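Coming up is one lone chain in C-alpha cells, specifically the form predicted on its own.
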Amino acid sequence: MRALLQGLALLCVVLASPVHAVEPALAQRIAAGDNDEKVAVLAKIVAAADPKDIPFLKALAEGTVTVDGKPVEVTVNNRLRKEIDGAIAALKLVDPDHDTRLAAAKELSNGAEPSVLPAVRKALAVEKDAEIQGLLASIAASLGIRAGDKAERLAAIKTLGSSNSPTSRALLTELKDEPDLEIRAAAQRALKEVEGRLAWAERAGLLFAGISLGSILLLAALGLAITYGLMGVINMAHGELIMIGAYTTYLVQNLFRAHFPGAFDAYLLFAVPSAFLASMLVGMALERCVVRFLYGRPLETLLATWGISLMLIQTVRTIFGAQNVQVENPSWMSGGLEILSGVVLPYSRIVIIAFAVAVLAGIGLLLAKTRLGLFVRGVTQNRAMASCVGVPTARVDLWAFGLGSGLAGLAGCALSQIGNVGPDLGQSYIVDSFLVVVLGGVGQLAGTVLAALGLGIMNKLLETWAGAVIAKIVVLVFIILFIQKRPQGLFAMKGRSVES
C-alpha cells in the first residue's frame, strides 16, 4: 500500500510539472548557442512536429528555458522571436482541435520562415479539412518558391497560380527579374491568373458595397417617397426623423444593458418597433400641428419643416449632448463572411440589406393588399376624385405621413448599426433621400428601389476612380441632366390626374 501511495504521489508530481519534450542537448544548445545555432535547433524542433514542445517554445519566447532543472536566461531578438512564433504556429498545425489548426494556418499564411516547411508538409499530408488544406498548400508553395531545386520552384509557382491570395501575387511579382527564363515565364503566367481572380474579387466587393449603400439610401428615402409622393410635401425634417429612430435604438440598447444584460443580443427585436413607433408619433404630430395647414404651399412647408428640423436637432443636443453616442452591434452581427481572399462581407451590412428587402416587401404588401394602401394609392393618383367617392383624405394624409415617418425611424435603427449616432445624423441623408425620390419618380416605389441601388453602385464605382467628393459632384450633375430630359423620373405616375 505504501509503495502504491508513493507511485501515485510521483505520478501527481509528473502531471503537475510542465511537459517539455525537447531533449536536454537541444535545450543546452538553445541556451548557449548563437542566433544561427538557435535557429537550427528550432528547425529540428519543428521537424519533429511534436505539440508537446509548445510550452518550451513559449518559455523560450519569454527569455527563459530550463536546462538540467535550472532556469537559464536566453537573449531573444526580433529574428529569433519571429522564428519562435512561426515554430509555435507550425506545431499547432497537428493539434486535434480544428479551430486551433485553422488559426495556426492563417497565421503562417501571413508570412512563414523556411524552417517551418517540413512541418507544413507533414501537416498537409494528414489534414482532412479542405479550407486548412488550401491554406497549407499555399504556405508550402510560398516557401517552396524560394527553394534551390528548379522542379520544386516550378511546382510551387503552379500552386500559387491557382490561388486568389494577394500574398501569392506579391510572391510571384518578386520573380519578374528571375534570371531563369523558364521560371520567369511560369511566374508571369501564374501572376496573370492570380491578378484575374483578384480583379473579380475586387469587383464583387465593390458590387456588395454599392448594394449596401443602396439599401441604406432606400431605407432613408422610402418614407419620403410616400409622404412626398402622396402629399407633395417637401419635409426637410425627414432626416431628423431618421435621427430619432437612431436615438431610440440607443435608448433601447442602454435599457437592455442595464436591466437585461443576458438578453442583450436580442435588443434589436425591441429596438426596431420602438424606433418605428417613436418616429411615427413625432411625424403624425408634425402633420397634425404644422403640415396640415400648409398644403398647396410648398415654399412655406419647406421653411416650416426646416425650422422644425433645427428644433429637433437642438432638443436632442440638450438631452443627449452634442457628442456622438455609440450603438453596439449584437454579437451575431459582429464579424464578416469571407467569400474570397480579401473580400469580407460584414454581417452588419448583410443584415441591413436583408432588413431593407423585408421592409420593402412589407410596404409593397401594405400598399397593394390593405384598405389603407388602396386609399393611399387613390389619393396619390387623384385626390379630388378619391374625396368624392368617400375616401377620408385628411385621415389618409395623417396615417400616410405617420407611415413615412415610421419608415424613417427604421432607417435610423439600421444606420445606428454601422456608425455613430449624433444630432446631425439625418443631415447626411436628407439630400440623398430627395435625390433618390426625384430620380425614381414621385410616388413610384419601384423607381425608388432602382434609383437607390443605382445611385449606391454608381457612388462606389466613382469613388474608386475619383474619390468621394468628386463622386458626389458627378452623381449630382448626372441627376440634374437626367431630370432636365425626363422630369417625371424613371417611372412616370399614371392616373387620371396625369391624363387630364
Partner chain sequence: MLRRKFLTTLVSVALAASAALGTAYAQTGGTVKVGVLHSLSGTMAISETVLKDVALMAIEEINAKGGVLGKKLEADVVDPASNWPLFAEKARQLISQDKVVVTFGCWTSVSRKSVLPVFEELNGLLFYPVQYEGEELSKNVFYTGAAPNQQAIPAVEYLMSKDGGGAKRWVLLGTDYVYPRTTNKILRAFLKSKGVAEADIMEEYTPFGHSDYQTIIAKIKKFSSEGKKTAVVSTINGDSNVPFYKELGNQGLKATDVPVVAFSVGEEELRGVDTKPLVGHLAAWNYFMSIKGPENDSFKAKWAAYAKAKKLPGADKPLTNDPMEATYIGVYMWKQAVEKAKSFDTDKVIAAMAGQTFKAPSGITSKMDEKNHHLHKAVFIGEIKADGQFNVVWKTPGPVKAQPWSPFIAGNDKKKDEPEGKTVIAAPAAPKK
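Because the structure is predicted, anything quoted here is derived from the model rather than measured. Here, rigid core means the biggest group of C-alpha atoms that superpose within 1.5 Å across both forms. Residue numbers count along the first chain shown, from 1.
One more form of this protein, predicted together with its partner chain, exists but is not displayed; see below.
Only one of V351, A386, L367, L206 comes within 4.5 Å of its partner chain in the predicted bound form through a heavy atom, and that residue is L206. The partner is absent here; in the predicted bound form, the one residue of T318, N254, Q133, T75 having a heavy atom within 4.5 Å of its partner chain is T75. Put simply, D149 is far from its partner chain in the predicted bound form: not one heavy atom of it is within 4.5 Å. By the criterion of a heavy atom within 4.5 Å, K122 is excluded from the residues contacting its partner chain in the predicted bound form. Although the partner is absent here, R169 is a contact residue: one of its heavy atoms lies within 4.5 angstroms of its partner chain in the predicted bound form. Of the heavy atoms in T64, none are within 4.5 Å of its partner chain in the predicted bound form.
Stretch 212-220 is the answer when you ask which of 304-312, 239-247, 212-220, 395-403 has residues with heavy atoms within 4.5 Å of its partner chain in the predicted bound form. Contact residues in stretch 449-472 (any heavy atom within 4.5 Å of its partner chain, taken in the predicted bound form) are K460, E463, T464, G467, A468, V469. Once both forms are fitted on their rigid core, the CA atom of A451 lies less than 2 Å apart between this form and the one not shown. Relative to the superposed core, V396 undergoes a C-alpha shift smaller than 2 Å between this form and the one not shown. Annotation: Cα of V436 displaced by less than 2 Å between this form and the one not shown, core superposition.
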